Each structure stands twice: as structure tokens, then as C-alpha cells.
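Quick heads-up: it's one chain on its own, the form predicted alone, in C-alpha cells.
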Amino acid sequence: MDSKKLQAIHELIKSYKTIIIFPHQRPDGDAMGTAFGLKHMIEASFQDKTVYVVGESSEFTSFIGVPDVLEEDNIFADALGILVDTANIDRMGDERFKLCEKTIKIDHHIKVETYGDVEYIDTSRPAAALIVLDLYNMFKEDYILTKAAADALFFGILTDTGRFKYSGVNGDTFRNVAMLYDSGLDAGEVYDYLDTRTENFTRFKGFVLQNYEKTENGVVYFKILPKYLEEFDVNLEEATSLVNELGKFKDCPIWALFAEYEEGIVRCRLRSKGPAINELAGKYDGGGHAMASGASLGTWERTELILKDADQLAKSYKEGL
């Protein structure tokens, strides 16, 4: 924990009347959980402030909140921008953070790019939402943690840690979660939401588990073709949430899920339970954590290239065991 930078963040929050929070593109649970958790905490603590969350909407994270639509750019001019869970500027969900008077970066990914007037990165935290709780713990006399904030932050922590299964989870993670319970968290509501699935999605999940492929050295992968989404009537967000279903096989240290996004751009969700994959993702215009990264491939043809590299990485890893 960097107390000096947390102090700087706290002072900036106190000094601005308008605060705008920016999650990344295609926001996941941690991006939105962090954003809305911070929004609710600031609003409850400082009645004179107006706090917005802007950027792309997400059906999956709508349970936590829906971003504000700010049509007037002049709102940003005198505002403090807080950019959360985003390692590099190109992934920002709304480019108007550049219009803000001051900006803060709060992130837990391996550093890719330096930006922001105050940059706070803590890669030891398995979710960016936990950094908001570091801020709260350091300045408890100034902040109020409401049920809405607790629910949002728990959503972020729970989804980004794979329900507390991923590396980086430790005793301090659970001490912070206990504090969320003490602040009114209704974990049952969150679990019920995450565990509810449509019949179409359940059928698609079965299709993925019956039709995945595997390289020679145990890289498990599946390509979500547009025709599959149409056939099973599931959306892209639902489909790509299945990435960790491919990581449950023995002797398969790396897995990948490919999908075609807007404008036909193919992207990859890359995961590992052994070798570090962030450098591999970086080779393909991506990045992230050592065990969880993403890459932008552009075309389906390039999936074969990253699979070949991933297979060699898996081979090296197995030979080193």
C-alpha cells in the first residue's frame, strides 16, 4: 500500500465538486464494481459532490449500475477524472477523460503505460475494487461505506478473483470482504444474480464443453464463431464469460477463448494456471496479469499464430516441472 499516493488521491477527491469515473472498454465485473463502488462511497461521504460513471454499458454488469450518458463535453472541463482497472489509455471506455482538469489512475494490472496526474498501481491486489477499500481503510473518518458500495465492490472482487480461487487472494482479501459484510453487503443477492442462467446459455455451455480443441502440449481453446451466437441465441458477453470453463482439465496449463467483436475484430481471452502469459498477450497487442490476459488479434488467421506460441510456452513450462 502506497500511503502517500492514497493521500494524494484523497486530497483530490475532496477538492473537486464534479468527479467522473471511467472504466475500460467492454467492462467486466471488477471495472464496474470498482467504478460504482467508488461512486457510491464518494456520494454518501460528500453530499456536495456530483459523481458520474461513464463509458460503455454492459448487460452483465447492469446488476451493479448503468453508466451515465453525458452529452455535454463542458461537464468534463472542471472535473476530476478517475480511471479504474485500465492498464493503458487505448482501452479507456470514454476518451473524454482527456478533457478533465486532473486525472487519477487506479489499477492492479502489470504496468503497461504511465498516465494520470496521480498513478496508483498495486499488482498485489487481485481486484481493483480492493484498492478502493485501501482508500476507505486509510481515511475511515471521511468515508461512508454504504450497502450499495459494498455490493458493487464485492461484485468486483468476486468476479475478478474467480470466486476467490485465483492467485493473489490472501487473508487480507477476506478481511476486506468481512468489512463489506459489516457494511450491509447482501452477498446472497450477488451470488443469485451470477448463478442465474438462461436455458439457451446453458445449452451453449454444453456445446463449448463438447467441442473445445486442444493443442499437442495441452492448450485448450474454443473459437466462438458468429454462427454459434445466432444458433444458440446468446450474446457475445454471455459467450465469452465461459473462458474459465476451459481451465478445468488436467495437464492443460493454458487455455484461450476467441471471439469476433465490433467491426469484425477477433480478440482472445487468455488464461493460465502455470506459465506467465502477459508477455505472450503483449506480443499480440494485449496484456494483463501473469495468469489472466487478453490479446487483440484482428483476424481469425492470427489465432493460429498465438496458439502456436502458446503451445510452445506450455511445452517449455511442462519441461521445466
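Predicted model, so just to flag it, every value in this text is computed and none were measured. Numbering starts at 1 and follows the sequence shown.
What comes next is about the form predicted together with adenosine monophosphate, which is not displayed.
Undergrad: Tell me whether Arg91, His109 and Gly287, taken together, all sit within 4.5 Å of adenosine monophosphate in the predicted bound form, counting heavy atoms only.
TA: Every listed residue reaches adenosine monophosphate in the predicted bound form, so yes.
Undergrad: Pick from Gly65, Gly294, Pro253, Gly55: which residue has any heavy atom within 4.5 angstroms of adenosine monophosphate in the predicted bound form?
TA: That would be Gly294.
Undergrad: Heavy atoms within 4.5 Å of adenosine monophosphate in the predicted bound form: which stretch among 265-273, 32-40, 66-74, 45-53?
TA: Contact criterion met by 265-273 only.
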